[in-house]
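Given next, in structure tokens, is a single chain: the form predicted on its own.
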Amino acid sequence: MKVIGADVVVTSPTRNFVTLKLTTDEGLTGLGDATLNGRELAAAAYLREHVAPLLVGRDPGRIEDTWQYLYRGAYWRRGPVTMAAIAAVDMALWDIKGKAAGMPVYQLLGGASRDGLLAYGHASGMSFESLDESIHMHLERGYRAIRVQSAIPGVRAVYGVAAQAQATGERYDYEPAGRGAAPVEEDWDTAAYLRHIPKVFEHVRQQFGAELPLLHDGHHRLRPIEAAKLGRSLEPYDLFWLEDCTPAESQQALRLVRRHTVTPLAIGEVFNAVWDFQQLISEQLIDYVRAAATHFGGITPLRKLMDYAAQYQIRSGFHGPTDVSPVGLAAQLHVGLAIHNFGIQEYMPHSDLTDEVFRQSMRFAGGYLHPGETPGLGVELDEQLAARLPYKPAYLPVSRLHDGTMHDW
């Protein structure tokens, strides 16, 4: 069997997605996700101009060899654009292999290690009252774990709060990448945040009890000592995890945080290679791996990363926002179902229109996700509908302190 076609589809059903479709001489097709939020066309061009021509004529069954060929052969390794492109190829090849075998991909990874994947939803509010309503709504939808984000007094717009202008759709298809020619500028006040967030979790625990798993995302906003302070202040509320408490490019910074708090830490959604995790895992500076198959090179390296993490009793917490397409989410579900050290899966339902473009076998019931039993990844692309939904420029926001200094978004 040979690859005879490699097509890149860019479509925008409420947000932009980049999809690779591989076709073989036996009529099998495979899909891969290369979406890079706010830089989608860079990934699409990398695929079209530099990767797709190399795939035609290759044996789609040689997944490991193709991955190494694209990673090592380019000389300029790593980086989000390169790794998103490689991820799309890797997913598409696994999709083809599953279809050729007549099995869902998780069966090719060793079979299921569990019946379903515990998922967490995103609750948020501009006030305690609206936050409570959001949590109740997610519990009614079946979620058994909740990420809690809140507006901050004195700060106009905060990442992760759905009631703000960035939110679109009744299903909370949170779209921080605003349409337009330039990014939206938001403001930030670390001191106000550190004062307010412990009060939020005190309130939520009082309202919803001690058993509900609660998560929170700091979104890289804090310096290490500030992150340590937040982690310690949240200890009485027994978080499932504190996510991205500080920018983790400096892995040594997590030593300081770890020294001062026992709040579990999750990091890694912006990482794109095992080297970004090496010290964090080997020194047990984190508890959950937040990598996304779409930005980490696909299924092949994600499975290897989790085998490495298992040696240190570190679990998965794969990134699952709506800027990972249904193809990328499916890839992660297959990995999560197969590995032993699964922890939890982020799950934000896509818009209805996105679900029409990407038809899925994935199911969510009783708080658990499952990729389904369809051979391959379990996602098919409606190319005619996708073609009617062209790319629209969109950028993630930027953030400034009150004095105008650029800050981490």
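Remember, it's a predicted structure, so these values are computed and weren't measured experimentally. The first residue of the shown sequence is 1; numbering continues from there.
If you look for the form predicted together with ligand GCO, you will not find it shown, but the lines that follow are about it.
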Considering ligand GCO in the model of the complex, which of Gln345, Thr66, Thr354, Asn37 comes within 4.5 Å of it through any heavy atom? Asn37
Based on heavy atom distances of 4.5 Å or less, which listed stretch (184 to 192, 224 to 232, 254 to 262, 315 to 323) is in contact with ligand GCO in the model of the complex? 315 to 323
Partner contact for His219 in the model of the complex: ligand GCO, 4.5 angstroms, heavy atom: yes
In the model of the complex, does Val9 have a heavy atom within 4.5 Å of ligand GCO? no
Give a yes/no on whether Arg290 approaches ligand GCO to within 4.5 Å in the model of the complex, heavy atoms considered. yes
Are any of the heavy atoms in Tyr159 no more than 4.5 Å from a heavy atom of ligand GCO in the model of the complex? yes
Within 220 to 247, the residues having any heavy atom within 4.5 Å of ligand GCO in the model of the complex are Glu243
